[in-house]
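Shown here is one chain on its own, the form predicted on its own, set out as C-alpha cells.
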C-alpha cells in the first residue's frame, strides 16, 4: 500500500508542479480579448442592421404578386427613409399605424403634397376619392388592392413609421432579384 500511496503522492506533486507552470495570466488575457472581439462584432452587426441594411420576412396577400403569399425574405436598406429620399413606387417596410407591434410592407403611392386618387372600395364599385398627402406623411397601398389594409383605411402614414425600403428579394431562391418600382 505504501507504494500505491507514494505513487499517488508523486503524481499529485508533479501535477501541482505542472499546474503551477500553466500561463494562467496569458490564458485569461487571451479569453478576455476574444470576448471583447465577439462583443465588438455583435455591436457592429446590430448597428449595420439597424441603420444601414437588414433583412425582413414579408408575407401575406396585400403585396401580391410582388411579394409571395407564403412569404419572401427581402433586403431592406434603411438609409433612404432617414434621408427623406423615398420616391413614389418604392416598397417600404413600416410599423402598422393600426398595430404598432406589427410590421407591414406597402408601396409608396404619394409623398407629402401629392394629390392621390384611389378607389375607395374596389370590391363594391369604382367610386374614387382624391386626398392631398399632408406634410411629413406618405400614402401607401398594397399591390393587391382587393386584400390590403392600407392608407385607404387608415389615411396617410407618418414618415417616422417607415423602417426601410425593400430593394431585393433574397429568399426563396427562385424569387431572388430586385424589387422594381411599379407606377
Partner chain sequence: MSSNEPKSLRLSEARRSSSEIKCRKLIMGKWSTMWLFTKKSVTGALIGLTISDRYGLIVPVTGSSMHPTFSACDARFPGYLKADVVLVEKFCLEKYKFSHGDVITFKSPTDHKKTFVKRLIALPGDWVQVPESSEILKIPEGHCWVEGSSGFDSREGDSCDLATPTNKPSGKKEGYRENFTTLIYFVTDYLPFQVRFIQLLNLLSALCI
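None of these values were measured; they are calculated from a predicted model. Residue numbers count along the first chain shown, from 1.
Keep in mind that the form predicted together with the partner chain is not shown, yet the notes after this line are about it.
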Candidate from 32, 51, 146, 57 lying within 4.5 Å of the partner chain in the predicted bound form - any heavy atom: 51
Under a 4.5 angstroms heavy atom criterion, identify the one residue in 38, 47, 115, 120 near the partner chain in the predicted bound form. 47
With the partner absent here, would 61, 105 and 165 each sit within 4.5 Å of the partner chain in the predicted bound form, counting heavy atoms only? no
Of the listed stretches (24-32, 63-71, 38-46, 122-130), which one has a non-hydrogen atom within 4.5 Å of the partner chain in the predicted bound form? 38-46
Using the partner position in the predicted bound form, report whether residue 82 sits within 4.5 Å of the partner chain, counting heavy atoms only. yes
Close approach of residue 88 to the partner chain in the predicted bound form, 4.5 Å, heavy atom: no
Does residue 111 reach the partner chain in the predicted bound form, with heavy atoms at most 4.5 Å apart? no
Does any part of residue 75 reach within 4.5 Å of the partner chain in the predicted bound form? Heavy atoms only, please. no
Only counting heavy atoms and a 4.5 Å limit, does any residue of 136-170 reach the partner chain in the predicted bound form, and if so which ones? 136, 137, 158, 159, 160, 161
